[in-house]
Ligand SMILES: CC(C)(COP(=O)(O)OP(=O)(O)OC[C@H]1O[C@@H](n2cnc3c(N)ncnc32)[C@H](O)[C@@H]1OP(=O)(O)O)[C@@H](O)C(=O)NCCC(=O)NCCS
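Quick heads-up: it's one chain on its own, the form predicted on its own, in structure tokens.
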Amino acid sequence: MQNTPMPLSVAPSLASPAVRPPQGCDVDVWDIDLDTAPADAITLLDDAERARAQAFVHSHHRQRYIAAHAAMRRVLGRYLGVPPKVLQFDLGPYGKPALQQTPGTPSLHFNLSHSGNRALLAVGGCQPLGVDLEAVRPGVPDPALTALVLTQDERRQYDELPPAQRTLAFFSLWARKEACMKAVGLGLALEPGSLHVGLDLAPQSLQIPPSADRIELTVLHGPDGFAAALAVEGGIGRITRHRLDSACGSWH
């Protein structure tokens, strides 16, 4: 498999009180360290997010959820020039969140994915998008999971790989499928076994109903031990990567 991600530029960490929204079909991708959030990050969340956080059984899952959503609010607030706490979201029919737009504010599309101690937040101004991040876990998948997730052709390609390459190949394929399913707003309502992306990591264009536009899909360079992908309706311009961690100062 050839890894040929889309060209990107790297920007410095978030430091100023405002960030210019992406133009056209450009996309900003924020890499977030979930282990650096301050203890009061939960104060940025709304009641629904706090309730969801409290529903986690394990404390580290709870804290990482809080860190991811506080970071998302902080970044989106910087683009819109508003405090993170005032942001309000609507949920699509399959649960995909979208910003409630107010007159005079930029139109933003965003998507958040977190896995393990990392998260990715993709922000664009052009079209709906989806991003996915997957921690690569040894011993996954088992035959039942590959039968559920892979198309027949993908299963054939997967079975032809040397065993040592299969785990990483599966998670890369799964990240690309998830990014596509999130871009069209369906999530797992779109059966992954019906969506063919293949094991080739080259950028590609897909037609995925109900979207009228083609979905542009590309691999992203994730942190070590992670697979990541980005999908955007209608096309992907320049991808700019940012880092958000404790070095950026206050989260408020």
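Only a predicted model underlies this, so the values are computations on that prediction, with no experimental measurement involved. Start at 1 and count along the sequence shown; that's the residue number.
In what follows, reference is made to the form predicted in complex with this ligand, a form of this protein that is not presented.
This chain is displayed alone, yet in the model of the complex one of K96, R78, H109, R155 has a heavy atom within 4.5 Å of this ligand; that residue is K96. A heavy atom within 4.5 Å of this ligand in the model of the complex is found for exactly one of L188, A55, A48, A202: L188. The partner is not drawn, yet in the model of the complex one stretch among 80 to 88, 146 to 154, 112 to 120, 164 to 172 has residues with heavy atoms inside 4.5 Å of this ligand: 112 to 120. Against this ligand in the model of the complex, the set W30, E233 and R241 makes no contact: no member has a heavy atom within 4.5 Å. The closest non-hydrogen atom of F226 lies beyond 4.5 Å of this ligand in the model of the complex. Interface membership of K182, defined by any non-hydrogen atom within 4.5 Å of this ligand in the model of the complex, is confirmed.
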